[in-house]
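The chain below stands alone, shown as structure tokens; this is the form predicted on its own.
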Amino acid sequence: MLFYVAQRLALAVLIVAVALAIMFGMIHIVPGDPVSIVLGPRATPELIAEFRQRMGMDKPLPVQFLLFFLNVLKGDLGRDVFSGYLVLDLVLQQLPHSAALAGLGLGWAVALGIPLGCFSAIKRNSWLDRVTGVLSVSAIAIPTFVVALYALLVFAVWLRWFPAIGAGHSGQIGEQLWYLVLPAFSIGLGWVGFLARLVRASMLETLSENHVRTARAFGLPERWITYRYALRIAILPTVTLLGIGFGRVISAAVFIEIVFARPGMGKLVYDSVVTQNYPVVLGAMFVATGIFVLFTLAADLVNAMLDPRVREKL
């Protein structure tokens, strides 16, 4: 197990480094000059040169990337080219909003999707299974931003059940949770369908395996067989999906935070891309990539603990 953990940690570090290099290259391919945006069209050549030197933009791209990577290792993500604030501080200010949105969105999807998948597998080919299947596929097919727009129009504008925009006042936990209801519903609806279909397919496969037949032959209760023997194995693909899913939810938060005018990582990255604020974009994407890799690593380790066969493949 220790060797498995060490291998996964090394792979996670390599993935973050490669992703960081790709993001650095893509950002500098985009046309435009952030110096011109910051200083304006009337800036003198001397002022432009001084600003480039102060921000480290006068060096070749490979040198800039090397310096950025070395600074990341020291915990320095750079400074906002407009305000001069530390990028790490800006990211840490917005990260709790995105984490709460992603956590609540995936949380209610897990709480509903996994039981629906188990129920569909147990009641295979019944009319309830078919209804659940249709609803699951429909939830998957609808894009997240469409769900967000219609949820905003119906529940906030028309029915006035929930607030339309914002995140609530700082320190008011109940109010902030109330503001999270519609965004979390929008971001989690598709995942309910994904989880339900995945758990159903995995449960059907597991229920036909030999160890389940043996448990039935010994006369164990069906509920005990389903949740003790079948679900423990069938849940493994779902754990992997959730590890990847948290990163994808952070990505989908860009649209959700714009639609509902919420603070968060997505809104920060969007505003920084529009203004070509390279340090903030790189810093925010580095943190988002790190979170994605961290949750994927956690999912792999949970799978290895639940299923020893994963470790034996090494």
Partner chain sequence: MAVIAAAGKIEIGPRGAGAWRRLLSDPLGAFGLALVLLVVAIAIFADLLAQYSPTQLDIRNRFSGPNAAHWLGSDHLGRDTFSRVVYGGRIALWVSLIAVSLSLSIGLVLGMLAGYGPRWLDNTLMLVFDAVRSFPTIMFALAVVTILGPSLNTVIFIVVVTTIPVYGRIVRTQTLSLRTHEFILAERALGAGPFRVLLHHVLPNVIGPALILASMEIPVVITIEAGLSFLGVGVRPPTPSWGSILNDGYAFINDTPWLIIAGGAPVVITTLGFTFLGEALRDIFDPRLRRE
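Residue numbers count along the first chain shown, from 1. The shown structure was predicted, so the numbers you read here are calculated from the model rather than taken from an experiment.
A second form of this protein, the form predicted in complex with its partner chain, is not displayed here; the remarks below concern that form.
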- Does at least one non-hydrogen atom of L104 fall within 4.5 angstroms of its partner chain in the model of the complex? no
- Message: in the model of the complex, does L149 come within 4.5 Å of its partner chain, counting heavy atoms only?
- Response: yes
- Query: If you check in the model of the complex, is G168 within 4.5 Å of its partner chain, heavy atoms only?
  - Reply: no
- Query: With a 4.5 Å heavy atom cut-off, would you call I22 a contact of its partner chain in the model of the complex?
  - Reply: yes
- Where does its partner chain sit in the model of the complex: which of 132-140, 70-78, 109-117, 180-188, heavy atoms within 4.5 Å? 132-140
- Query: From the list F65, F246, F51, Y270, which entry has a heavy atom within 4.5 Å of its partner chain in the model of the complex?
  - Reply: Y270
- Item | Non-hydrogen atom within 4.5 angstroms of its partner chain in the model of the complex for each of I122, A215 and I235 | no
- Query: Considering only 276-298, what residues come within 4.5 Å of its partner chain in the model of the complex, judged by heavy atoms?
  - Reply: Q276, V281, L282, A284, M285, A288, T289, F292, V293
